[in-house]
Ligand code: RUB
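Okay, so here's just one chain, in structure tokens, the form predicted on its own.
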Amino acid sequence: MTEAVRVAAERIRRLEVQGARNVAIAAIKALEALAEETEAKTREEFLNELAEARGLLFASRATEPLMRNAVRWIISQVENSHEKQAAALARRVSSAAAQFLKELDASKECIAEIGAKRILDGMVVFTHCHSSTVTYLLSKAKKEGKTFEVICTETRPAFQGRITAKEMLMLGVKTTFIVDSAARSFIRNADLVLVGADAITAEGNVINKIGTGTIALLAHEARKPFYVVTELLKFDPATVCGDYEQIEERSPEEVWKNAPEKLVIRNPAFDVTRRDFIHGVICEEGVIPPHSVAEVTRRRYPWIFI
């Protein structure tokens, strides 16, 4: 096992790497580093190194199907090859990683092009947390010459909404920043809601930053369309077999440092947004209804289900 994999796993665990796409890229880069630095002499030794790396990366963060899908696919390309020499297998890791990253970039471009069409002049867009896919979509709309405003929540306890706010200001977009508990008061001023996703389940439900489910309920109450912007590569195949997507719970210190003794603090990082409240999923296959996510994912990425 190379130090690069341990460092990447630790950075992911400590939230030094945030965002599903960035986590996946960090894991992919770690596998590339392993391939470059390996001292394995045989196929078996190299595959054992990859298996150990997979276990370490998977354990770094609970709710990261994009990262798990990326690692699984790259390792499967090595396992399914007929190469016997460790050096040749290492090269296969590098080529598979490059191919996956190319697919990831292509999906981001496609999603932005499709989603930008939903942004019209004069619109007010409501967001929650930070999603690089959502902000890229909005930057695409801005580059197309559209004028719109953004309302973004602060997204406690880690304040990822501040990242969104700063990126919107850099784009020259009029931005309003609100505390999470003010969402109901401001969502009525929005024309639509755009959020990202950390995971998609077989039922078409979405796991995203804590508070997303509440935003979806508020959008439903205010009759505002609620869109999830995501790559289908975030589909979790384990949910097809009846497993529930694990909701990661983080340190109480994120919520309150030096809290009173005996105080129970719960800090779930994500919640579930039921498909009933999702107007559409904006993905690389278009704007699709959430109940068809599994079918569309199987058609585009059949290897996820193997």
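Numbering starts at 1 and follows the sequence shown. Worth saying up front: this structure is predicted, and the values here are computed from it rather than measured.
Not pictured, yet referred to below: the form predicted together with this ligand.
Participant: Can you tell me whether Ser107 touches this ligand? I mean in the predicted bound form, with a 4.5 angstroms heavy atom cut-off.
Facilitator: No, Ser107 is distant from the partner.
Participant: Could you tell me if Ser132 has a non-hydrogen atom within 4.5 Å of this ligand in the predicted bound form?
Facilitator: Taking the distances in the predicted bound form, the answer for Ser132 is yes, it comes within 4.5 Å of this ligand.
Participant: Considering non-hydrogen atoms and a 4.5 Å limit, does this ligand approach Gln18 in the predicted bound form?
Facilitator: Judged by the heavy-atom cut-off of 4.5 Å, Gln18 is in contact with this ligand in the predicted bound form.
Participant: With the partner left out of view, is Gln160 within 4.5 angstroms of this ligand in the predicted bound form by any non-hydrogen atom?
Facilitator: Yes, contact at 4.5 Å.
Participant: Based on heavy atom distances of at most 4.5 Å to this ligand in the predicted bound form, which listed stretch, 184-192, 95-103, 78-86, 208-216, is the contact stretch?
Facilitator: Contact-bearing stretch, as computed: 208-216.
Participant: Heavy atom within 4.5 Å of this ligand in the predicted bound form: which residues of 193-225 qualify?
Facilitator: Contacts from 193-225: Gly196, Ala197, Asp198, Asn208, Lys209.
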